[in-house]
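Only one chain is shown below, in structure tokens, and it's the form predicted on its own.
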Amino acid sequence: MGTSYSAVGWNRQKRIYDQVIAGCCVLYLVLFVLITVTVNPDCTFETVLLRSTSTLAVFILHVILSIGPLTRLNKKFLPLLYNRRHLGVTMFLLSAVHAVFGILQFHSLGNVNPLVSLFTSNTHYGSIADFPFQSLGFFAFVIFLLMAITSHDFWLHNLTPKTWKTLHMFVYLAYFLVVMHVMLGVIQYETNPVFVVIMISGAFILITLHLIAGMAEVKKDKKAYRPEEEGFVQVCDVRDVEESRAKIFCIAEERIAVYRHENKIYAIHNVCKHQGGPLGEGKILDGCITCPWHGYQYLPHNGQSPPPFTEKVSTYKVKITGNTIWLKPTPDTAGTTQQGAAVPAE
């Protein structure tokens, strides 16, 4: 979190992250060109450019869509989630090169406007074999464009988190359009089955990851808790919660993050006010609970963002009996100070 506006809040880690992304992209493009020239020396520059940028963009899109479920299954992937928007912008730039160059090459040499030509040069919309697949890629690119434009926190603040989140969920529609764009294009121009195998394998991995992560979340949400005296419920042993980390519990359809900080237990609402990120999947940095998505922070004892920020989340009462943590699932007003429960000495 920063107290002053900056177009991009780069820090040392983000600069290294971006340099690694750029280096990997350059390496991929160079290798793609060298292999293509070696295997197929008759291939034109235009074809190499279109294929290298498109395959890299599709690969990065698969990585982006895999990060969410992977972080649900293993917290070691959280650094990727924290900087996911950088991958998204990279993927958009590659797809922009592919889209613009494709339109210029195939639709700018006649008397018809290139964008009009894109939709009128091939009107076999009722044919699978001859379907105008380029139009599918165009609509996917429009979605990527809107997502890239609104990726900055300026738009998140002005569109409201709910609207912003809804807009960015269209990435799954864009992914479907990309899959169909590739598959229908391959049918018309390629005889090598490797492209079909790669796309089907990628889609299978994505669907499998989302299903496994989804089932794990449902299992966590359906866990039953026994009510106890004064409305407290037993949730876990203090030794189950690592220092500066949390465990998430779903009680009465609300997810609550139970954090351990400086030998005390605190509980806050799990949903970040910034973009709805899972606070319980973050960690405590500089004394603040830090959202794993974009680094928004909250003080563990009152759920308030440190000054001058004003975001607040609900807090919950906790107590410890023996080594057992008890949680009162009725939320107190957002920003209410809690004393926390002291962890007994071992």
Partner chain sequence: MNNDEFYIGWMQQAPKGFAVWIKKYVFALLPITIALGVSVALAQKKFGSGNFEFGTLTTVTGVYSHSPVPNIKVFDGKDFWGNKNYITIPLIGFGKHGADGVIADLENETNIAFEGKELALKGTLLYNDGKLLMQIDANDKPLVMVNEPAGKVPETLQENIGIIDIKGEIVDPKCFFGVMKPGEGKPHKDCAIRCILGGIPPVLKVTNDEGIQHYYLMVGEHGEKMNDAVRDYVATPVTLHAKAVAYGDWIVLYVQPGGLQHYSYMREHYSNNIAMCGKRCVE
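Numbering follows the first chain given and starts at 1. Predicted model, so just to flag it, every value in this text is computed and none were measured.
What comes next is about the form predicted together with the partner chain, which does not appear here.
Residue-level contacts in the predicted bound form: of Ile212, Ile251, Ala203, Leu80, one residue has a heavy atom within 4.5 Å of the partner chain, and it is Leu80. Think of it this way: in the predicted bound form, the partner chain has a heavy atom of just one of Leu93, Val179, Val233, Val186 within 4.5 Å, and the residue is Val186. In the predicted bound form, the partner chain stays beyond 4.5 Å of every heavy atom belonging to Gly303. At least one heavy atom of Thr44 is located within 4.5 Å of the partner chain in the predicted bound form. Within this chain, Pro292 lines the site of the partner chain in the predicted bound form, having a heavy atom no more than 4.5 Å away. Residue contact check for Ser121: one or more of its heavy atoms lie within 4.5 Å of the partner chain in the predicted bound form. Using a 4.5 angstroms heavy atom cutoff to the partner chain in the predicted bound form, all of Asn74, Phe106 and Arg245 count as contacting.
In the predicted bound form, the residues of 40 to 74 lying within 4.5 Å of the partner chain by at least one heavy atom are, in order, Asn40, Asp42, Cys43, Thr44, Thr47, Arg51, Thr55, Phe59, Val63, Ser66, Leu70, Asn74.
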